[in-house]
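Each of the two blocks below gives one form of the same protein chain as structure tokens; they are labelled structure 1 and structure 2.
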Structure 1
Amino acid sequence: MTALLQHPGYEEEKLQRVADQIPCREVQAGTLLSLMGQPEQCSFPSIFIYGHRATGKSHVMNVLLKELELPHATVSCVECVSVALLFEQVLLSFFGGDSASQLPRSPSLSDFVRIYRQQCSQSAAKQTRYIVMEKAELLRDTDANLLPALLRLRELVEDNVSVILLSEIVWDKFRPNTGCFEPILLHFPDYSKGELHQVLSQDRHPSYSAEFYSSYINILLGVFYSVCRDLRELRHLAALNFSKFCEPLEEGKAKESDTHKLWKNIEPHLKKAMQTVYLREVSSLQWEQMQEMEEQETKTMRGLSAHTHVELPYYSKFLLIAAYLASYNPARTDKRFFVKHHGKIRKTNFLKKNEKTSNHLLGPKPFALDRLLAIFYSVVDSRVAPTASIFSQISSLVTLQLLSQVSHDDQLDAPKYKCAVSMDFICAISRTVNFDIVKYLYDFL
């Protein structure tokens, strides 16, 4: 694809290095080269490059400028929280620290233009100078005259300078109502599935063959491509889960050609990783530690209870949580936990002489149906009508032996129950509905 990067103003060796670093973006790089022209020629005053996140805009621009050794200043609009920092960064990159020190404390656009023209008179540009503005959509929140001035900066400073804006939004959302100079527009499309596979396959581990890593990327894209097409996020996921993919090889249970065994080993791990796509709530090391802890828990929690906590309906989980609280909390503590304006009540006021033993050691105590429902309506995070569906779910919990009925069958007015699940199981249930049950247990106050 290097033919797309052929240009009479640059050496073929430099163009080859550029092509090697920007796979699947040779067309866009070739278009940029044609817009930029030869280094000594005047380029377009302003170019607007737009596309979704992680489509290679900044990467292609930085590779071109560095490998072709063109004078440039790269400014991040996120880091430059004021126009003073923006002006200082441009002057520092082109003319050195002496020029940036001439700026006043709160420089205006005219101050920047004046100092820039002074420096140009002392050191005229032999090549086109490029100012690259990353996250350019933030310029819309600055002074109204800044964006129009940048678009025609060449006229203001009388120098061979070109401003390149990189943004994730289209130009129509930039254009001021008063009108301004229209830049040249260049779109970077999203990577296709085949292009993502080609780019990600270049990050292969040196200990394994290219075919093996390519098959791993193919599996990864088969799982995540429907929900995530961000190159940076997919690259992070590929690096995070590759060690799990290689476990059967390291243990000697499979070979590189045993794709089915490797897929069976990595499939549940990738499904769990899908829950954290884009979130990055934990670091890579913390994610691996969490997976190890979950594997240990699943080994100890086998049988009916370990399986059914995933299959329970949403409100059945809250009914089971309410039943556990009713079984292990004294009835007189309900006001403390479930009434908002209960006043200041200390645990010492509750404690009796015969209540020195933990309720969890004594075992679950029976509770009435009305108390179960009262706690349920207090802990559930939405309004629920007392319909027949709620009562049928209580019967289902009894059938599953997660609750046990301790009253007689003929006692219809006030049946009593006991909760029959363990502490580990109810904590697992609580995590699935984001409920911190420990805060509501009397034994852990």
Structure 2
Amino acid sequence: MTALLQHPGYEEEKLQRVADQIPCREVQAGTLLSLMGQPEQCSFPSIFIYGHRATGKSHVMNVLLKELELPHATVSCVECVSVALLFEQVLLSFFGGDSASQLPRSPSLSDFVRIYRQQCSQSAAKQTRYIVMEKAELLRDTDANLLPALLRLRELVEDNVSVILLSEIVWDKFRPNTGCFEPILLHFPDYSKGELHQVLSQDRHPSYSAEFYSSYINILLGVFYSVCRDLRELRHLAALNFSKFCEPLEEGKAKESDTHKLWKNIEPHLKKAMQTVYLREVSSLQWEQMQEMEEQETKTMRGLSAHTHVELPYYSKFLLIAAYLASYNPARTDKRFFVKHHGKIRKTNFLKKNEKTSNHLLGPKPFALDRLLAIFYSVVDSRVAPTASIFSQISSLVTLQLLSQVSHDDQLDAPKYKCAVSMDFICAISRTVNFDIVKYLYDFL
């Protein structure tokens, strides 16, 4: 294979080293390199690189600039809480510590450009200088002038400097009102399945054969590829589940070639991992511990999700159920659900429901405290007095963010609430108190 990266003005050896470090991104690196040109030549004033998370934007950029030893400043906009930090970093990496200390206390763009020019006239650039801004979307939230100024920084400082912006968001969302200097747009496409496979296979375990690891990656991609194409996330999942995959081998139950057996063994685990690890509900350490526990007590299949473990007092549970009913049932149906002898309500009349406006699609409606209490008294099976303890439980439900108060805080006599829990959650709660909530929901009649 001939080297894919070729460009005059750079040593072959260095380019080869670059190419080795960026598998599956040679095309993009080549385009970038040709835009950058030889180190002494001018590059385009600003380049905007966009693409999904973990498509190698920063990586390619960093490898290129580092290996080819070009003068550059890499700034992550997340770190730069104030523009001062940004200016400081750029000056520091281009001109050393003295220049950065010349910045006044809260520097303006004007100060930055002045000092840059001053330094630049002392040590003129022989090579193009590059400023790389990672997560450039955050630049939109800072001073409105910063982004347009950076894009035409070359004109402002009159130096051979090129600004490279990296972002996940498309350029259209950046453009200021009155327009600005348009950068060259470069897209980093996502890795295809084959490329993902190639990249992931690189970090194989040395004690297993390459084919074995690659078949593992195949299975992993089969499960997760439809949900997630993020290389970083997949890498994490691969590392976490590999020991489980190897288990049959270590126990001597299967050989490396028994792909079917291995697949049978790992598949349910991967599916479970999708519900927990992928969502980052538990840390990887907890996940490993849970897997160990499971082996010890295989018969009890415990839910892994963190949601199901909320403990509430008895009446609070009923209050929450009442709140849920009040939020998702129209008030006019309360009579039908909660009055014992509600007389004759004609079914057709009652059920004139409109398919489109299911309350479970539109979300909870606010309700008054009175209605909540009325429903509460009718669903709880014993007689409860309206004591301060009940009211304080309501306010603690608000604190727990299971209810949310929608009216103003100063409305003391008739506060309004909304129920803020999901259907699954309320079903789990009502199961613990033997209450069949589905029977009382208008949407499920």
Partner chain sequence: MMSKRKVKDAHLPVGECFTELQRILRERLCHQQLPDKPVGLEAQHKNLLELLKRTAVHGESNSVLIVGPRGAGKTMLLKCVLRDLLEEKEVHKNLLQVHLNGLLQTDDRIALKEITRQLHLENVVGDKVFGSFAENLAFLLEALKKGDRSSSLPVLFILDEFDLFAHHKNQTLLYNLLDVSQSAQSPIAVVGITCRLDVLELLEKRVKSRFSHRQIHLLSSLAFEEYVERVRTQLSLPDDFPDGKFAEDWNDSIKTLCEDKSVEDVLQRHFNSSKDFRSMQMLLMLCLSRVSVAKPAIKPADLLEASRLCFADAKANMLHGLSILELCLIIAMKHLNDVYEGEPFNLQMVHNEFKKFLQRKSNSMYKFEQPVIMKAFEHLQQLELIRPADSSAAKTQREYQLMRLMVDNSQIMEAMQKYPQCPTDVKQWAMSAFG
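In this text the structure is predicted, and so the values were computed from the model without any measurement. By rigid core we mean the largest C-alpha set that fits within 1.5 Å across both forms. Along the sequence of structure 1, residues get numbers from 1 upward.
Between the two structures, is it 1 or 2 that corresponds to the form predicted in complex with the partner chain? Note: form predicted in complex with the partner chain is structure 2; the other is not.
Given a superposition on the rigid core, I'd like a yes or no on whether residue 41 shifts its C-alpha by 2 Å or more between structure 1 and structure 2. Result for residue 41: no, shift under 2 Å.
Threshold 2 Å Cα movement between structure 1 and structure 2 at residue 104, rigid core reference: No, because once the rigid core is superposed, the C-alpha of residue 104 moves less than 2 Å between structure 1 and structure 2.
After core superposition, I'd like to know whether residue 71 moves between structure 1 and structure 2 (criterion: C-alpha shift of 2 angstroms or more). It does not, since the residue 71 C-alpha is displaced less than 2 Å between structure 1 and structure 2 after the core fit.
For residue 399, CA displacement between structure 1 and structure 2 after the core is overlaid, in Å: Its alpha carbon moves by 39.6 Å.
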